[in-house]
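Given next, in structure tokens, is a single chain: the form predicted on its own.
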Amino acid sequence: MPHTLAGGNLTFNPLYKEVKIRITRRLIAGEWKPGTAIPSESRLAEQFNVSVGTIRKAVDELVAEKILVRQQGRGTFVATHTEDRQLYYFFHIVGKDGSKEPPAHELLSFQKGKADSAAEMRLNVSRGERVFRIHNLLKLAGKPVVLDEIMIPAARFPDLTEAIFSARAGTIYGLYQARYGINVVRISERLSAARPGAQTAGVLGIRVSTPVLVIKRVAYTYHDAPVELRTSWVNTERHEYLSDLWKNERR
């Protein structure tokens, strides 16, 4: 059965789903900036001409997807990519004892080139489209642990330079959000084991015969639009991969 929202538009989606889409569109348009509060549920209910319960259901899904964050006694805010958020939601490498620490970053290379077949498929870009290729080393306790190979579409980051990337104040996802209005709201990861090439082994300080964990990640913004393809080579001598979904959901 179709529903009518404010503005007289009909929708055949469940009403709360359509409200969720409308809220997401406003986020994409920058109506509510990262770190700022969205209007109250009663105010949104008036704007969309729906019940508070419908608004709450839509907001609940956006909170579950980490797009919005509820703060007790303060309201609901647009999520920001702080160091804490990066560490707990997107960085899954921990010590063998379960300890977790923010990594130190070292930029190894920053280049612009043509998209390869992997970028075409995973980033949904055209053949030959320009992409940035970035090699970034992560150190834990002063030792190299993760080598990230990152590809992002140049069209989405039009003025990005090596200097801008290097001088970012916070996380890489924070740079995407603050400078380009691109919010990473979910990631998809595939894990496998492999032997590193000589160059990768040299950067990580291991032998080429040492197996490493390989993480292939696609980062998505709103409406499941891919914005980053990342391959991470992880030295697991003292570290391992931990995905604690229940704990992360609680946060």
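Bear in mind that the values here come from a model prediction, so they are computed numbers and not experimental data. The first residue of the sequence shown is number 1, and the count goes up from there.
Keep in mind that the form predicted in complex with the DNA is missing from the display, and what follows is about it.
In the model of the complex, segment of 202 to 210, 215 to 223, 35 to 43, 181 to 189 with a heavy atom within 4.5 Å of the DNA: In the other structure, the partner sits against 35 to 43.
All of 16, 54 and 75 within 4.5 Å of the DNA in the model of the complex, heavy atom check: Answer is yes for this spot.
Sole residue of 109, 161, 124, 71 within 4.5 Å of the DNA in the model of the complex, by heavy atom: Only one listed residue qualifies here, and that residue is 71.
The DNA contact at residue 50 in the model of the complex, heavy atom, 4.5 Å: Heavy-atom contact with the DNA at 4.5 Å: present for residue 50.
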